[in-house]
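Take a look at this one chain, the form predicted on its own, written out in structure tokens.
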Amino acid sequence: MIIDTLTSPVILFFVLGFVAALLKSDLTIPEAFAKAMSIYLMAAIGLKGGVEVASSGITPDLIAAAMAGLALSFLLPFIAFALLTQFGKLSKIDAGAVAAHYGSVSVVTFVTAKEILTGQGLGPAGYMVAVLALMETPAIITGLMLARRGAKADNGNGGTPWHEVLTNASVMLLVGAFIIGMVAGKDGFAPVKPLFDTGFRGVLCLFLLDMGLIAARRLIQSRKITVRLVTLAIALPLINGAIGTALGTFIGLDAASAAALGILAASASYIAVPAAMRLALPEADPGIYLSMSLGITFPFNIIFGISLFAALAQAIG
């Protein structure tokens, strides 16, 4: 499974971008095109998930997975916060901000995992898109609470930015497309299927090429990432992913969906949470939380994590 993952064009395009940036190539993806690709990918994954749920209906598995996802997003930041302050030696403010990233999820990691697992005959259930959307927000609340409580004072930045969190572009697009897919069903999806299904893998390859470039360049530019933080940026997805996979198996999900829950738990946000932290916790250092989540954890999950958690789900399932 690891060999199949590493030889997938989707992964190899990411590696190409990462290596190109390390070699200081002038290869770039225009910003407007990259944004268009991200909109396309989120709309496609939301639509297809909604269509699948419309076909299967609201099931006990969906409800159980949703509750498990919410619990993970609320609770995983506590583990990250403890490790980041005790082992990582971060301040309470920075630890809270980083912990929020590791409790939330990466849409791109999930999209990549779903495509790879499906290609290997382990396609997760469509309702996992709904779980993805639910897991975006709770970790932000926990992270802010930990940061503010750890600092022993409200530093005057206001409360949790509910409007900005709930109307974040990725949340709105994923949830909106998911609802559209549920309403339209298979018959309604059929006319647009060639656009959102046939071209999906090709667009994902180009998008991951861009993400490889960004991840490597962010890592090169960082000046505050210590060996301890690098270790945690790899250890946290392993810990969180193992917890998520085991929980998914315990509540009765099939191996593919349990692996997807593990991958969601292992992923770290670098879109929704940084935007929220920038507004609610501006004193936290973006050079730390972006370098860890995007520069280290994201490549680790894409190259190794997906196959590891899929193998773990099959082994314990």
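Numbering starts at 1 and follows the sequence shown. Because the structure is predicted, anything quoted here is derived from the model rather than measured.
We do not show the form predicted in complex with another copy of the chain, though everything after this point is about it.
No residue of the trio Leu75, Ser91 and Val230 has any heavy atom within 4.5 Å of another copy of the chain in the predicted complex. Taking a 4.5 Å heavy atom cutoff to another copy of the chain in the predicted complex, the contact residue among Met145, Ala184, Ala246, Ala235 is Ala184. For the candidate set Leu70, Ile29, Ile58, Ala64, a heavy atom within 4.5 Å of another copy of the chain in the predicted complex is found for exactly one residue, namely Ile29. Though the partner is left out of this view, Ile251 does not reach within 4.5 Å of another copy of the chain in the predicted complex, counting heavy atoms only. Another copy of the chain is not drawn, but in the predicted complex it has no heavy atom within 4.5 Å of Ile303.
Mapping the unseen interface onto this chain, Val53 falls outside it, with no heavy atom inside 4.5 Å of another copy of the chain in the predicted complex. Put simply, Met172 is close to another copy of the chain in the predicted complex: some heavy atom of it is within 4.5 Å.
Contact with another copy of the chain in the predicted complex, defined as any heavy atom within 4.5 Å, is confined among 202 to 210, 127 to 135, 236 to 244, 75 to 83 to 202 to 210. Residues from 22 to 57 that approach another copy of the chain in the predicted complex with a non-hydrogen atom closer than or equal to 4.5 Å are Leu23, Lys24, Ser25, Asp26, Leu27, Thr28, Ile29, Pro30, Ala32, Phe33, Lys35, Ala36, Ile39, Tyr40, Ala43, Leu47, in the order they occur in the chain.
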